[in-house]
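Okay, so we've got the same protein chain twice, two forms, each given alone as structure tokens, structure 1 and structure 2.
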Structure 1
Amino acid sequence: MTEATDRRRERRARQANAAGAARMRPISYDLPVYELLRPEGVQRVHDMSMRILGELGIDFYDEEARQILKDHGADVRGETVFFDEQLILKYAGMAPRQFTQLARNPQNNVTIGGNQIVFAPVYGCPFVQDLDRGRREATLADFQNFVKLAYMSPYIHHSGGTVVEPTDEPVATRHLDMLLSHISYSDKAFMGSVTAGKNAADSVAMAEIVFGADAIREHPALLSLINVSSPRRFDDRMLSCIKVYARARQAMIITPFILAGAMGPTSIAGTVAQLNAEALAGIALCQMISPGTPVIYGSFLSTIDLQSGAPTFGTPESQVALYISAQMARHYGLPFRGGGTFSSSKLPDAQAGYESIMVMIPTIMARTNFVLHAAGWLENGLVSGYEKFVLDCEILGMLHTWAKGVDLSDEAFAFDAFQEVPPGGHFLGTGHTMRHFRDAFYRAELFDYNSAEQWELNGAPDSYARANAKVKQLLASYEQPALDQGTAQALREFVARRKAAIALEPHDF
């Protein structure tokens, strides 16, 4: 291969990457939905959830939240709140079945709900890992790199939230740096901060600068992750954020975080009933604060190794729970969040691939609407892997193709090609093939399709090495999306002002 050929290939790759950043490829479900439970099974889960809510209740560690719940008909006893079925169904029914989240580039707005799916990056990892430097604490530079990688992938629809935890920035102000990075380095939709009510308010204020206060009340510009402190608790931090976001009519994912065997029982039926009760209680509170607030029914449910106590991912039990959780969300007419490229592996190796695909196949078959952790997850969520991220994006591309189902048009049946090819001939040169050779089949760039001899001549690289080179190529070719200078200046001034004010506040961390 000549140097000129290498340069031409590199130039084409840069052009493709730059073009791909502007051409986000949406994905919708044109496949039958897999439903594991029959209607009587759905009713059984619902009934047990109502029993949990009515007889055992949910703790809410915020006095104002408890008062709101009491004022709307819930039975409040100390910190524990009890709900009857009618109350839950009334308020859960106020949430929209689907909604649109604004992106800085209107072409990248995302619809959440119905038969739409949105892929978002890994979230919350304090460490990063790559082939060159190994495992290390994440920095703001790493955060910005992952925002860039998500922006450049046509198969990632959302910039996400805390794609890594930038440990080199002060805890009290790092949310400002993360939000500014999302807005500056990407024009896709992004998530708000949930580390404190004040930080949620900062998120709303920055979204108002970018989109306008009235616009984000009509369609949310923020989607934020509210985790339930399972079993059966909403802590004061999450409740403070719920109040801020609901009053600003910003979207939230109400997600019980359950590892069955630790934060839930060892039975899947019991754990899903608990998850359902916790999610519905949070969704009801959001609607009591502001009816019609967009919410997503969230599920983060996996298992533990009962011999060691370690979390396990890609397990068959957790995928059964995913199917049932998705059914319950549809039962209440709510968008559903679940799945991700989960793995306990420390490297993007065979274990990582097997575990991730064990989760993502059910994620698609269950018609999941929002997939957080769709790319980059390693080591039980402690690590965002650079190479794992781009390898996962290959799988997401395949899932885009799979989710289309089967084209039964006249063109797809290709009768003209049959007319051209005699018995024993081939289809390589037909008009139909020439019309479709560029887009007929998905081709994974990071998977090797060469012969063993050609692979050896190329240096025998494994997928880890190929992905490492791809990450470097992407980051080298990144071009920042345009941002209005007045908006950029207003954001910088807001961040500087808030950092100065926060510096004067007392902190517990």
Structure 2
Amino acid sequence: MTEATDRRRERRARQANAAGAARMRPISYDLPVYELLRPEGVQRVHDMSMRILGELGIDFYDEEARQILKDHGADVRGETVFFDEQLILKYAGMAPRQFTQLARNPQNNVTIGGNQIVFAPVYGCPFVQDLDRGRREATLADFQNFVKLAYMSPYIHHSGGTVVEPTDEPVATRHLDMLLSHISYSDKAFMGSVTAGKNAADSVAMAEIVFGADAIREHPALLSLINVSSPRRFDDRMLSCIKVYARARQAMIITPFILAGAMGPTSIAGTVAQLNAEALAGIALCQMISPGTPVIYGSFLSTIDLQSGAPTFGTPESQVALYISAQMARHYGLPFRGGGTFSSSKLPDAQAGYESIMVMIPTIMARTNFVLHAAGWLENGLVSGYEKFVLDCEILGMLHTWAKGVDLSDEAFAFDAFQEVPPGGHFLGTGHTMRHFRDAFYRAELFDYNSAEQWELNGAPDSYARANAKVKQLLASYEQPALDQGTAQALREFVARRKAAIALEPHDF
């Protein structure tokens, strides 16, 4: 495919965006992948992980999970489970190298693994932030707004999960509102709940309503985020979700969340070895429960400020760790999740811009298959920023262009243009430019390329102010994607029934 065809496709996607139904396919990354470690380095990380798994073990706070691990050959002593290398490699090797997650619009199905890079929004923020109202607790209305923004962005391929925490809804039923919002306000793929095993079961039930019980067992319709309680610990909540999702053959991301210095040692090599051990242990359990269950090797690794203990994001150490953990996932033939537009900043200022790209470029160049937090992240993940979200989307657009690399066709070498233009001339009027000017270069919408004079006349808006206007324009022009009436009705009934039932249960959290 030529650059120009590609660009025309992109332009059409942008035009579609204006009408509220945009899409760009996930990135097919065919450029060279950046391998920071040499093979000996990969081996050293692997070896240390095997020592951790074999000599120190991982705690699993669920009796049934421990029994499963024991039945499959692990050495269980109390709550701690020890794995030998052969056992880990046998079960990690059962996971598929790539899989397809269903979206309710089949055009938005995503392949995860291989050379594919899928972008999903920020996840888990209890707060939102914007220029008009500052920082505040997130609500279900905010949740739906971020689902809409992700739906409208041509560069976000996935609707994500807890895009913000809807703190105005009861904790016990919140997962139902979130799932219903993803399904109603977007037609992209989405994530399941991990707040309790029964909430995971609700997620599976809702996916069955939308896609059918057989269909989701052939290709997963849910992708759920299993966090390891690092160091070396899977809690009962996550294990109950693993059991539900593995038995329903729904996809999971097994992600150790490690801030080096706090939940991991004060060094990158040690922390990555720990992450590798924890991820592989969780992945092995999934495969023991249901061989071939789609899983992603997750890496969420940053640092703390060793003077204050505060988390720090967008640091050079996290950039190094990202490359290495991606290499480890490839070493085991597993799809990889990592990176995002991380920042410690409280608002979308220069710090946020610097830090976000400091992580996002390695994210791409490590060929990360699933990028959670690809847009919106602020303040160490406590905050989903409206303006930050659309600014990050601009960057995702640029990274789509970056990932195309360079066209080396005769047409791209443009010898006819050189023949036309004398020394000191310009290329604006050449036949080559005429053939390509519409689609030649990525054109940012939010970045200002005006002269200083024009920019002053426009009111000298910084990128925060311009993004604010863009958010308002997007939300005002949002159009809901059609949803089959029967499905919509069945989902509403399911949610109502479950809410009524949950209201009668003793609340355990």
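Reference numbering: structure 1, starting with residue 1. Not measured: the values here are computed from a predicted model. By rigid core we mean the largest C-alpha set that fits within 1.5 Å across both forms.
Where is the form predicted in complex with another copy of the chain shown, in structure 1 or in structure 2?
That would be structure 2, which is the form predicted in complex with another copy of the chain.
Is residue 418 among the residues whose Cα moves by 2 Å or more between the two structures after superposition of the rigid core?
The answer is yes; the displacement is at least 2 Å.
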